[in-house]
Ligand code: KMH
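Here you get one chain, nothing else, as structure tokens; it is the form predicted on its own.
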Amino acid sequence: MEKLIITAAICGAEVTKESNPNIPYTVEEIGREAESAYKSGASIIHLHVREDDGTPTQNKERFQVCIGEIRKRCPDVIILPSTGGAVGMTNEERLQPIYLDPPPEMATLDCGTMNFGGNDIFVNTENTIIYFAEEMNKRGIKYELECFDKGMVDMALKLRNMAYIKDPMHFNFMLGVIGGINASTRDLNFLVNSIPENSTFCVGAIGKYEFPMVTLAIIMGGHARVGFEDNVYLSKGVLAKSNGELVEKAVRIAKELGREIASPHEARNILGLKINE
């Protein structure tokens, strides 16, 4: 079984310091949390950025500064910016991080529209997905295909057959999100059995489901996503002090199950990213 790629989703767009005071907002805090995850074994940093007061933003300049801070601390880590942004943002707002110089190696590509609870709708029309994919293709950016439900997998496969999305495909299955598929063994198997054999996949889950679903992913030969974006607790009732603590727990589980941890260099090989020697 290939080595395990661990992605750390260090802050997200919605979770706040009210949930956990260690959630990073400032450039220095984002750099600190990325470094803690990297030193603990994460080879990918999934990056949202915030204003200093915690307001989510897709501002290109803010991404550039935060990425610079992460690069100072973790020169070889893979940085995976979000193009999801936050509910209500326009396509143009959301896409700003792919226009950095140099462009990121990877970026997220959400594969469908879903209810996010209450009156919130996260809108990703077919045309939006095609537009995002084409813009990433122009810049040589590999997409992580964000799938919150089975229909999103089907959309990604349809667009692959139409040549908008390129092989090999890399999926991120997010389980237990309101409006999406459940965090269960049955449903994860359903998703994994729906993707092409030459694909790779990562699994993340919300709250108490994070580590059970990550454990299943490790056993199934997939990859793991942990971090404050999805879950702020190390165990029941115990707030995590850092993203690094969450990554360390994933590493411990992987080692117990016989999976070695991939370095950023090894992760690039597994994902088919360009490697600068």
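All values derive from a computational prediction rather than experimental measurement. All residue numbers refer to positions in the sequence shown, first residue = 1.
Beyond the structure shown, there is the form predicted in complex with the named molecule, which is absent from this document and is the topic of what follows.
Quick one: is H48 in contact with the named molecule in the predicted bound form, heavy atoms, 4.5 Å cut-off?
It does: once the named molecule is placed as it appears in the predicted bound form, H48 has a heavy atom within 4.5 Å of it.
Using a 4.5 angstroms cut-off on non-hydrogen atoms, would E146 count as touching the named molecule in the predicted bound form?
Because a heavy atom of E146 falls inside 4.5 Å of the named molecule in the predicted bound form, the answer is yes.
Is there any non-hydrogen atom of E229 lying within 4.5 Å of the named molecule in the predicted bound form?
Yes, E229 is a contact residue.
Is there a heavy atom of F201 lying 4.5 Å or less from a heavy atom of the named molecule in the predicted bound form?
Because no heavy atom of F201 falls inside 4.5 Å of the named molecule in the predicted bound form, the answer is no.
Exactly one residue in I23, A262, A13, A254 has a non-hydrogen atom within 4.5 Å of the named molecule in the predicted bound form; which is it?
The residue from I23, A262, A13, A254 that makes the contact is A13.
What is the one choice in G112, G176, P104, G84 with a heavy atom within 4.5 Å of the named molecule in the predicted bound form?
Exactly one listed residue reaches within 4.5 Å, namely G84.
Tell me which stretch of 185-193, 152-160, 67-75, 84-92 has a heavy atom within 4.5 angstroms of the named molecule in the predicted bound form.
Among the listed stretches, the partner-contacting one is 84-92.
Counting only non-hydrogen atoms and a 4.5 Å cut-off, give the residues of 104-142 close to the named molecule in the predicted bound form.
Stretch hits, in order: T108, D110, F116, F122.
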